[in-house]
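Take a look at this single chain, the form predicted alone, given in structure tokens.
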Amino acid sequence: MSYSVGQVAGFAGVTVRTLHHYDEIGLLRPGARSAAGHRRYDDADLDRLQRILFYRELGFPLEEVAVLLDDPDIDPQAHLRRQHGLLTDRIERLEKMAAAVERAMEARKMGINLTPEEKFEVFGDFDPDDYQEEVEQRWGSTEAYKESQRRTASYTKEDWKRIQEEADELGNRFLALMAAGTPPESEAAMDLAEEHRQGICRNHYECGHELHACLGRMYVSDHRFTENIDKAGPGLAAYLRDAILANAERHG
């Protein structure tokens, strides 16, 4: 059984020109020619072509492919073992690449399109990616989460820097009230709590007073939030919670 160059090109998904080139450089010479001089390929030629295309897929140059295939010390079984080993290595690399892409997709869903250096510049040593999986598990089905995803998807580094600067400025004003001995139930503290809520509404999602109160409680009940907030000043998380709860009660 023999096949024309057009048939082989169709089988292998290559161009006729490629097969002509392989013939010209001695990489794949057809086993026979027709009476008219046309190339005819047999099953052995197809096996060799399959090995050629495999090595090419893995990035081997044609010169090296020729050396591998023409090595008299390597039998077909050895080629299969080599191919299996190379495939296994490539699968491992592709899996790592896929994992990296998945992490990038998660960061994209968070709207954080920043380099590691930019993330450190914006967030300091707090990396939102560390909490992405937990965030999705706890709030992924809520409208607030979905709205936040939509809004932040287009945020740039400058947007995140602005948001962080607003948060820092608000935190400093809370610290000033604490230093002055102002109770968290005071009008001044409740007004700052309201600014905090409105910032969430403006930058992330619509945050009603009831939801805001839940966030305030979490700032103290979850030690990770407490530790992060209290970096600005000891006791800030508890003060912020109390001011948020007082403001929520003020608004019914």
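Numbering starts at 1 and follows the sequence shown. Being a predicted model, the structure only gives us computed values, none of them experimental.
In what follows, reference is made to the form predicted together with the DNA, a form of this protein that is not presented.
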Proximity of Ala44 to the DNA in the model of the complex, heavy atoms at 4.5 Å | no
Hey, in the model of the complex, does Val5 get a heavy atom within 4.5 angstroms of the DNA?
-> yes
4.5 angstroms heavy atom contact with the DNA in the model of the complex for His20 | yes
Applying a 4.5 Å heavy atom distance criterion, does Arg202 contact the DNA in the model of the complex?
-> no
Okay, which stretch from 191-199, 34-42, 66-74, 212-220 lines the DNA in the model of the complex, with non-hydrogen atoms inside 4.5 Å?
-> 34-42
Non-hydrogen atoms within 4.5 angstroms of the DNA in the model of the complex: do Arg162, Asn172 and Ala232 all have one?
-> no
